[in-house]
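Quick setup: one chain, the form predicted alone, written in structure tokens, and binding and motion questions come after.
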């Protein structure tokens, strides 16, 4: 493995951790509640789908944290998915995206 490849892989693993390091435990609990209650109202309380699609790891495979946090922040025009940019910071959206990718919401 080249040094550049190792560096890129290290960043991809460390980046999700860096976002959670910036958020207090209280804020993480608040965001988990947002995921369960607010996101769950459309995506199902167990994230297995409802009005919105399922947000479980196997359905999110291949989607990057950057893509998912962008959808969280900007919404999806023409759909019921609202933009959360006025309520969430980029770091918070990234933390939420990581939770979804890791299957930590249920």
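Positions refer to the first chain, counted from 1. Predicted, not measured: the structure shown is a model, and the values here were computed from it.
One more form of this protein exists, namely the form predicted together with ligand HEC; it is left out here, but the text below deals with it.
- Any of the heavy atoms of residue 45 lying within 4.5 Å of ligand HEC in the predicted bound form? No, residue 45 sits far enough from ligand HEC in the predicted bound form that none of its heavy atoms falls within 4.5 Å.
- Item | Interface membership of residue 90, ligand HEC in the predicted bound form, 4.5 Å heavy atom rule | Contact with ligand HEC, no.
- Message: When the contact criterion is heavy atoms within 4.5 Å, does residue 49 count as touching ligand HEC in the predicted bound form?
- Response: Contact check for residue 49: no, nothing within 4.5 Å of ligand HEC in the predicted bound form.
- Does residue 63 make contact with ligand HEC in the predicted bound form, using a 4.5 Å heavy atom cut-off? Within the cut-off, so yes.
- Relative to ligand HEC in the predicted bound form, which residues of 41-74 have a heavy atom no more than 4.5 Å away? Read in sequence order, the residues that approach ligand HEC (within 4.5 Å, in the predicted bound form) are 41, 42, 43, 51, 52, 53, 55, 59, 60, 63, 67, 68, 71, 72.
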